[in-house]
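A lone chain, given as structure tokens: the form predicted alone.
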Amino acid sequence: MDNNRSSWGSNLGFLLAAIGSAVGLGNIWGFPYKMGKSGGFTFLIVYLLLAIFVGMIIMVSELAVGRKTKLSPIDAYQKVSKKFAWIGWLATIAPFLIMSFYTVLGGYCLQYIALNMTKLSFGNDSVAMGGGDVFGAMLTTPIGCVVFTTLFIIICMVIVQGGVSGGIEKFNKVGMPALFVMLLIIIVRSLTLPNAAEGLKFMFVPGYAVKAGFIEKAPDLITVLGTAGGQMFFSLSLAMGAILTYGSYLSKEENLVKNSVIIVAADTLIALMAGIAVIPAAVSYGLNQGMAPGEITLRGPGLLFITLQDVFSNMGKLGPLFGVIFYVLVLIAAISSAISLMETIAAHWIDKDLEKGETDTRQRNVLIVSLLILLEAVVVAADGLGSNFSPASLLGIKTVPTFLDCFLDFMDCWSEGIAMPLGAMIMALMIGWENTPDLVLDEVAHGDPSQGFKAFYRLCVKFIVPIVMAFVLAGQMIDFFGGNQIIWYVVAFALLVIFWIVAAVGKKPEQA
């Protein structure tokens, strides 16, 4: 099977594809807001420490397991673990559920590109409604959302059907440099707006967000740890099968540690750049419109599709041009992440066909996966972020926890909220305690890691990563389910202890 399996055309192509998988919508609307509300540089320092001690370790582990087995997540985990083979299904179900709403958000980007191109062609007053009105009208027109979601899925499908080097790598070789250049253009325009400095202070000055009234109070250190850990974890595309799948196409000559450092550094840089492009522009617009700092929308879909659309609409004749540039770069980020998830889901069935000697089934398998994604995405697109119907309304529930607000939150809860942090925690326990860190280090040895890295990896994968992931899991359950925070921390750490015992029991003496 190895001789017929796909592979990257170059290490640069792999790096750009992996960076593209990591760089997504979360970088653009999640990182800057969370950084600002969590103390600016305080959040950034915690984020960077977690990226080094947790993110790097999980990424090296996933790349190593992928390259060692040359298999998709389901088959890879079945090959390396007797007790936790089932987490491969978590790493495949999670991207499938994520695609239910990621494709819808990609469709929104396509609609906003069309909106700004219309303004550019026919004049800035051709669409007179404000950003909130435009977004509201779009959400309550489910047919339009379904059509653009379908178009986004078709774009991703065509790229993935082109293969690893001929489709995914080729797209990212053009898309990632283009995204970087467009980010620079938007940053320059953003920083030249009145009051843009207030947005920079929001992001980078510790305590300024509270002092200026953007948020009511600063979170405590445990909350900052959970917030930074969650953002780091999701931003790097960890435990959703994508990095493992991309690693399975790598050659033995590539240095996994070096590549992981590059991916983490590039993702963090682009997240910071996205923040500098987005937050100063949003703050500038809000303050210039006479809003109080606490009234400015600086998070979630509202930041991209309401606040920033208003920013571009008020820039004059060139506003729609900057709008087109911005939403194209967001679209590229969405596509680069979505194609990695689509590849992850399809890889299992492509590998199964290769085992049978069938070598030309990629297009068929990707088409089937795309149709299945479309079926779930239609529901998310039609509910309009809860504007038209929601899980709570269908169930007749009046006191609504976050995960029942809309189908996007419902899908997000079970994928990014539960499956991914739980899967990452168990993977670390599997490597550190059921097997031994040598499972990864032997594969990493092809890149000749130092003794210092080996000791560092052992410490992190056995202790630091599982504990941090328990904090992240607790934070996700608090956000989605609400209720008493202590209960969710008890649940998360109880799961940690249970799986820790399961991993360690029956271990051979030489592995202890």
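Source: prediction; values computed, not measured. Quick note: we count residues from 1 along the sequence shown, nothing fancier.
Below: the form predicted together with 4-fluoro-L-phenylalanine, not depicted.
Visitor: Quick one: from A242, M425, A377, V278, grab the residue that has a heavy atom within 4.5 Å of 4-fluoro-L-phenylalanine in the predicted bound form.
Guide: The residue in contact is A242.
Visitor: If you check S81, S100, T92, S235 against 4-fluoro-L-phenylalanine in the predicted bound form, which one has a heavy atom within 4.5 Å?
Guide: Of the candidates S81, S100, T92, S235, S235 is the one lying within 4.5 Å of 4-fluoro-L-phenylalanine in the predicted bound form.
Visitor: Taking any heavy atom pair closer than or equal to 4.5 Å as contact, tell me whether L16 reaches 4-fluoro-L-phenylalanine in the predicted bound form.
Guide: Although 4-fluoro-L-phenylalanine is absent here, L16 would stay clear of it in the predicted bound form, with no heavy atoms inside 4.5 Å.
Visitor: Check whether P466 has any heavy atom within 4.5 Å of a heavy atom of 4-fluoro-L-phenylalanine in the predicted bound form, and answer yes or no.
Guide: Answer no; every heavy atom of P466 is more than 4.5 Å from 4-fluoro-L-phenylalanine in the predicted bound form.
Visitor: Spell out, yes or no, whether the shortest heavy atom distance between A492 and 4-fluoro-L-phenylalanine in the predicted bound form is within 4.5 Å.
Guide: No, A492 sits far enough from 4-fluoro-L-phenylalanine in the predicted bound form that none of its heavy atoms falls within 4.5 Å.
Visitor: Wondering, does N27 line up within 4.5 Å of 4-fluoro-L-phenylalanine in the predicted bound form on heavy atoms?
Guide: Yes, N27 lies within 4.5 Å of 4-fluoro-L-phenylalanine in the predicted bound form.
Visitor: Given a 4.5 Å cut-off on heavy atoms, tell me which of 132-140, 437-445, 381-389, 336-344 is the interface stretch with 4-fluoro-L-phenylalanine in the predicted bound form.
Guide: In short, 336-344.
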